[in-house]
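The chain below stands alone and is given in structure tokens; this is the form predicted alone.
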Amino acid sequence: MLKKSHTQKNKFLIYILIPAFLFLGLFIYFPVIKGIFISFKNYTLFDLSNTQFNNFQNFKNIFTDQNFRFIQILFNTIIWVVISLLFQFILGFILALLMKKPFKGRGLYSALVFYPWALSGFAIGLIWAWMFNGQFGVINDILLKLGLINSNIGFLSNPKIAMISVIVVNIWYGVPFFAIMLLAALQSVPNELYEAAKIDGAGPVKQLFSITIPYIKPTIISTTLLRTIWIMNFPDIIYAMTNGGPANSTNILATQMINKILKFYDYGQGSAYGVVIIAILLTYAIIYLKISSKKGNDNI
């Protein structure tokens, strides 16, 4: 009788999980597998009569393309991810520490801080593209009126500063994510630990590095890992502001993947770029988690 009850319970659980597995299979795993297949095929909208497998030709084209040099695109991607992640984390952590203690107007302040995270990345890119416009942008206008510059700056048209401009916007957009996640983690740290540390004579800095950071370390590891993946797969702001230009100075792997499909209608190379991104992120995630778990075990 007990065995029959367990069997019915297992069947019920399987029936409940079937829609979830179908959803994952249809909308996540199937597109990924299909994309991997296409990355090995000659698949362009200009010649749909010839969609044969071309082995690794799409990948060879990516690494040997002189118009869009892979090394430059990879370097842009690393700069885009590392600098964005670093400043997003530092500023988000500072905001979370400031908002940890209750103060008057905290709710309104929190809403203003978290508001950018609720907006569309593409819409934000369009708004900031207007603000950074070299001819009639509001930022140039403010700097001119303050006397900080003598003539307009081409924030998005100058290859030397275009990447800095889009990274500034990405930092502004991503800070609320770390502030939200780290604030939730900070509120879980027991006050008894801080009180005991004060009795032992530990100052705020020592408390931060001896109590706060070790206690919320799992949250820091998971959020930085997730945010790295999201930033690398987040072409919205760049696509809306510069479309990868000028002179490929802001072109990252994700924007190049989109350009191969939307501009050149080359789904084969576009999928190959997608496979390269997956391979890089998978390698990064494995190494990052191994190093993180090793350091955690060493601390124990």
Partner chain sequence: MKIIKNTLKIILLLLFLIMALFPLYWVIVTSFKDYKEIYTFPIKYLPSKINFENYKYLFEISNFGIYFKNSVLISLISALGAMIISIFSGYSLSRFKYNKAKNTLLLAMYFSQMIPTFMIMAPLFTSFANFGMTDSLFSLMVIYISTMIAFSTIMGKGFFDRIPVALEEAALIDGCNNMQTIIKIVIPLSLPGLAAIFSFAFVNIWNELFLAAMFMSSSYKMTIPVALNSFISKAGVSWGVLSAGIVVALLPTMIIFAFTQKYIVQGLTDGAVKG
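These numbers come from a predicted model, not from an experiment. Residue numbers count along the first chain shown, from 1.
The same protein also exists as the form predicted in complex with the partner chain; that form is not shown, yet it is the one meant from here on.
> Counting only heavy atoms and a 4.5 Å cutoff, which of 157 to 165, 206 to 214, 175 to 183, 71 to 79 contacts the partner chain in the model of the complex?
Flagged stretch: 175 to 183.
> Which of these residues, 83, 91, 202, 153, gets a heavy atom within 4.5 Å of the partner chain in the model of the complex?
Exactly one listed residue reaches within 4.5 Å, namely 91.
> Could you spot which one of 149, 189, 126, 196 gets a heavy atom to within 4.5 Å of the partner chain in the model of the complex?
The option sitting close enough to the partner is 126.
> In the model of the complex, is there a heavy atom of the partner chain that lies within 4.5 Å of any heavy atom of residue 31, even though the partner is absent here?
Looking in the model of the complex, residue contacts with the partner chain include residue 31, since a heavy atom lies within 4.5 Å.
> Test of understanding: in the model of the complex, would residue 107 fall inside 4.5 Å of the partner chain by heavy atoms?
Answer yes; at least one heavy atom of residue 107 falls within 4.5 Å of the partner chain in the model of the complex.
> Although the partner chain is absent from this view, report whether residue 235 comes within 4.5 Å of it in the model of the complex, heavy atoms only.
Yes, residue 235 is a contact residue.
> Can you check whether residue 27 is within 4.5 Å of the partner chain in the model of the complex, heavy atom basis?
Because a heavy atom of residue 27 falls inside 4.5 Å of the partner chain in the model of the complex, the answer is yes.
> Any residue of 201 to 232 with a heavy atom within 4.5 Å of the partner chain in the model of the complex counts; write them all down in order.
Residues within 4.5 Å: 219, 222, 223, 226, 229, 230.
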